[in-house]
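The chain below stands alone and is given in structure tokens; this is the form predicted on its own.
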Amino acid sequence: MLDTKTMVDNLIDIAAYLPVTIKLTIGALLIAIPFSILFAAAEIKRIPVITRLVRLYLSIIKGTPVLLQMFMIYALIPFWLNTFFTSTGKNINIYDIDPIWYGYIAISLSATAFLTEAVRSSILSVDKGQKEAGYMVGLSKWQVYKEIILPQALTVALPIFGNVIVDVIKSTSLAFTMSVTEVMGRAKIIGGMTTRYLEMYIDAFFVYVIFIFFVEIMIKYIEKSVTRYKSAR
């Protein structure tokens, strides 16, 4: 039978690690968003070498599991850095670095891939005739993008962005494989201490469901606000 007392007693403890999950989510998105914009621009402009590299990146990231990417990042980056600093004679202990930084990098990889597609498809969804009309009335290239293309592209991209944010939140639950103690990591630790893994996983389940529920409400509110602003214009 489920030990409901253990579940109740440890729910707050597990939920207390939600800020780490939020940090991982925000950190990964802060890395992913600028790179996704640059990659999408490269694809739209069809810059020969860069476009091929971007497509190779998207193919690799989309074709491999997030968990495998985390293992690779957590194993390779410290090894490369340690080799580099050792060869240059610098006495730096790479293994003192907070593993959350590896979490930011690993989680941002898949987020960048999916956001790149979202940015690219949303910009291309805007009718080319509107861009040409903007040039005809004397707007500069930047003004056309700022006043015409980006507001419409944002409306199209927001639902996809929302899905990516939720996926990033769920991906943070794998960060415990890199020694990052977040919600899922704390649930596993307490599960090991109490031998009540199922109860702790149920606690983590409730924490994620409630958190993602509020995130989705916020995303829907932003979508409605942007749509309302566009209609008013």
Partner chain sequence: MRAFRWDMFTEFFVKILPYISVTLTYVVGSVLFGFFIGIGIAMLRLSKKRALQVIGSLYVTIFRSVPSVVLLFVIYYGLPMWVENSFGIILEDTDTIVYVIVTFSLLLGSSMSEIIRTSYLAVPKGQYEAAVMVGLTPFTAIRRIVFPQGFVVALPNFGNIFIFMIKEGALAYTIGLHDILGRGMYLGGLKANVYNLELYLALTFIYWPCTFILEKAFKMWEKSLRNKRKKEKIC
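Positions refer to the first chain, counted from 1. As the structure is a prediction and not an experimental result, all values here were calculated from the model.
This next part talks about the form predicted in complex with the partner chain, which is not shown.
In terms of contact with the partner chain in the model of the complex, the residue from 92, 76, 133, 97 that brings a heavy atom within 4.5 Å is 76. Screening 193, 47, 30, 198 for any heavy atom within 4.5 Å of the partner chain in the model of the complex leaves a single hit, 198.
By the criterion of a heavy atom within 4.5 Å, residue 8 is excluded from the residues contacting the partner chain in the model of the complex. In the model of the complex, the partner chain sits within 4.5 Å of a heavy atom belonging to residue 72. Although the partner is absent from this view, residue 51 stays clear of the partner chain in the model of the complex, with no non-hydrogen atom inside 4.5 angstroms. In the model of the complex, the partner chain sits within 4.5 Å of a heavy atom of residue 213. Annotated contact segment (heavy atom within 4.5 Å of the partner chain in the model of the complex): 76-84, selected among 138-146, 98-106, 76-84, 124-132. If you take 198-212 and check each residue for a heavy atom within 4.5 Å of the partner chain in the model of the complex, you get 198, 201, 202, 204, 205, 208, 209, 212, in sequence order.
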